[in-house]
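The chain below stands alone and is given as structure tokens, in the form predicted alone.
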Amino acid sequence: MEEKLMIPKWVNKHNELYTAATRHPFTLSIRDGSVVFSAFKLWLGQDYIFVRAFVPFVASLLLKAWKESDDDSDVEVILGGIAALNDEISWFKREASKWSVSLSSIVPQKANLEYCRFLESITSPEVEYTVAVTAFWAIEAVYQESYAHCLSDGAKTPEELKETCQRWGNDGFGQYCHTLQNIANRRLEKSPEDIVLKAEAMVIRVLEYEVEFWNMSRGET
């Protein structure tokens, strides 16, 4: 049974890229306490813009699930994700106020613009539900793994950033990502080869965009 699960197979196959996204120097600097707070503030503003673009993508995924899913519970899972994003936007606003980041004056940087354009492209009705939900898992999993690592044994995460890490690194969000992975694996197992190949390419692209986003947060792009 395990061998049929595509996502663990892909994580193994593309391990170098997956590790680059989930163990990036930016989040590792949070974990070891060496993070430059100006880099965190840059990330905060840019990620706020990204999350606002993420909402329409997840809304489009909800519609695809309603039309294409073979399991009614998928809709409920994705709806839960949309509800969480509402809370997340409020959190970004509070956090930005705390760090004196003016969200209204943030200009999206190149890596962010490209990632947001990519997100918009996946909202297209031509992108199959299986492919889109696999992308959704990948986007969420990168943050979950990255920030959970900042809370694990031996971490020296600054007190000021623990709430941020907890937001994505908590066990509940970890369970949510596991549920998304199960949905994607279930769909992939029943999909023809062309859909599976599209989904794999989508995972690779998400991971590449995530690495570029982290690079941008360190001022490297």
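Each residue number is its position in the shown sequence, starting from 1. Just so you know, these numbers come straight off a predicted model, no measurement behind them.
Another form, the form predicted together with a small molecule, is not on view; read the next lines as being about it.
The stretch that touches the small molecule in the predicted bound form, counting heavy atoms within 4.5 Å, is 42-50, out of 64-72, 150-158, 42-50, 192-200.
Although the partner is absent here, F118 sits far enough away that none of its heavy atoms falls within 4.5 Å of the small molecule in the predicted bound form.
Within this chain, F26 is remote from the site of the small molecule in the predicted bound form, having no heavy atom within 4.5 Å.
Proximity of E88 to the small molecule in the predicted bound form falls within the 4.5 Å heavy atom cutoff. Of the heavy atoms in F57, none are within 4.5 Å of the small molecule in the predicted bound form.
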